[in-house]
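Below sits a lone chain in structure tokens, taken as the form predicted alone.
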């Protein structure tokens, strides 16, 4: 029964999330299919994508705190959204989402270019962190020079919400998750070998450059799509894989990757339920921080990461 804990928890949270709102009232058909069902699917797909990206990055860099935010992919999406909010005030949410995805793609391409030249995983991780700081600084400058209407549109997206995603965007997010999961499963053995060090992995036949490029393409695709349609959502990519390793008692990626996918979905569903419990709906990104930060602190304290 323990091995199916995440599935049971996911189903339970999905049921609660579909009813979450004003006193858990049973929604009518229009509200159910137009609002709550797409929101639940967005939380499931978004959480799964971010958790899967985090699990791959932690394996690739052998760093328990590596995730799409640390590597600057989410920051690139935020920069794209800031540029769109400043230049195209009347473009709407699709303009903002498209710009966010383009920013994530460009950031991912830069990291891939670095990965093709750099041998050390630590150096590549440091490059991602520095890139994130640069992107954050540029975004702050753009926000400072933006008008009131532009800032309102940008901050609305930055807060993060699963309610922003409709069925067309869910189809794109789902396709990205399926492709990303297939690519990650194909590299399971390589991830296990990398845990023993770059030299051991290379001696065992793993092409480190090829693996890094494939992982970054995979993570940039999933993170960029989720960030584009749901806004920046932090902490999922860090916390979910650690929860799996803690409760699963294994570091084998044939188990860590799929169960991280489910745990990420559970975390985002929990955040979405919390955001709809009160009289005022809160942004899911903020409630995700309330869920994720305590988990990370506990992990840091117990495991001394």
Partner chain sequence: MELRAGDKLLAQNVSFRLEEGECVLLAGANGSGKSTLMRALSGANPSFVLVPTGIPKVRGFTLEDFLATACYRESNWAGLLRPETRMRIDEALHLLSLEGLRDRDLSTLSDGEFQKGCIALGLARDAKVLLLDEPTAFLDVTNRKMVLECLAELAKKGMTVLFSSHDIQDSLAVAHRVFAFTPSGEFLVSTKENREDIIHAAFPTY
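Residue numbers count along the first chain shown, from 1. Being a predicted model, the structure only gives us computed values, none of them experimental.
The next section is about a form of this same protein that is not shown, the form predicted in complex with the partner chain.
- A residue is said to contact a partner when one of its heavy atoms sits within 4.5 Å of a partner heavy atom; residue 35 fails this definition for the partner chain in the predicted bound form, lying far away.
- With a 4.5 Å cutoff on heavy atoms, residue 249 counts as touching the partner chain in the predicted bound form.
- Although the partner is absent here, residue 148 lies well away from the partner chain in the predicted bound form, with no heavy atom inside 4.5 Å.
- Taking the partner from elsewhere, residue 193 is found to have a heavy atom lying within 4.5 Å of the partner chain in the predicted bound form.
- Distance criterion of 4.5 Å from any heavy atom to the partner chain in the predicted bound form singles out 206 from the list 206, 177, 127, 217.
- For the candidate set 200, 167, 133, 155, a heavy atom within 4.5 Å of the partner chain in the predicted bound form is found for exactly one residue, namely 200.
- None of 65-73, 41-49, 232-240, 251-259 except one has non-hydrogen atoms within 4.5 angstroms of the partner chain in the predicted bound form; the exception is 251-259.
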